[in-house]
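Only one chain is shown below, in structure tokens, and it's the form predicted alone.
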């Protein structure tokens, strides 16, 4: 395992242990709803289903088609806020 992978695993473990990961997930959900991301993604899903036909779309196909669009639609401000919160958490718990 590379040094980078070990550090990510340690950070993730610390976030889980302290309950911060769940708080960050809830914040992310709220921010995505607030900025209209959820509605945009829902509309995109409907478009993909209309284009391919309901009978020809599986959940796996839909996830594969929609994931890149979903990631691209996340506003930079939301990404920055999440990153800032993670950095603040790590600064507070710098025993990694």
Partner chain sequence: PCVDRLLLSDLCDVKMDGLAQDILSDLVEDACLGLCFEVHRAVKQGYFFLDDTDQESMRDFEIVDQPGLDVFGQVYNQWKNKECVCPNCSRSIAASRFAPHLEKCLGMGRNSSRIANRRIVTGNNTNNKSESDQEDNDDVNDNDWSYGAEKKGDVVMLLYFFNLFVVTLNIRLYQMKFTIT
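Residue numbers count along the first chain shown, from 1. Source: prediction; values computed, not measured.
Below: the form predicted together with the partner chain, not depicted.
Participant: Does residue 38 reach the partner chain in the model of the complex if we count a contact as any heavy atom within 4.5 Å?
Facilitator: Residue 38 belongs to the contact set for the partner chain.
Participant: Quick one: does residue 12 come within 4.5 Å of the partner chain in the model of the complex, counting heavy atoms only?
Facilitator: Yes.
Participant: Looking in the model of the complex, any heavy atom of residue 50 within 4.5 Å of the partner chain?
Facilitator: Taking the distances in the model of the complex, the answer for residue 50 is yes, it comes within 4.5 Å of the partner chain.
Participant: Hey, in the model of the complex, is residue 16 touching the partner chain, heavy atoms inside 4.5 Å?
Facilitator: Outside the cut-off, so no.
Participant: Let me know which residues along 61 to 76 have a heavy atom within 4.5 Å of the partner chain in the model of the complex, or say none if there are none.
Facilitator: Those in contact are 62, 63, 66, 67, 70, 71, 74.
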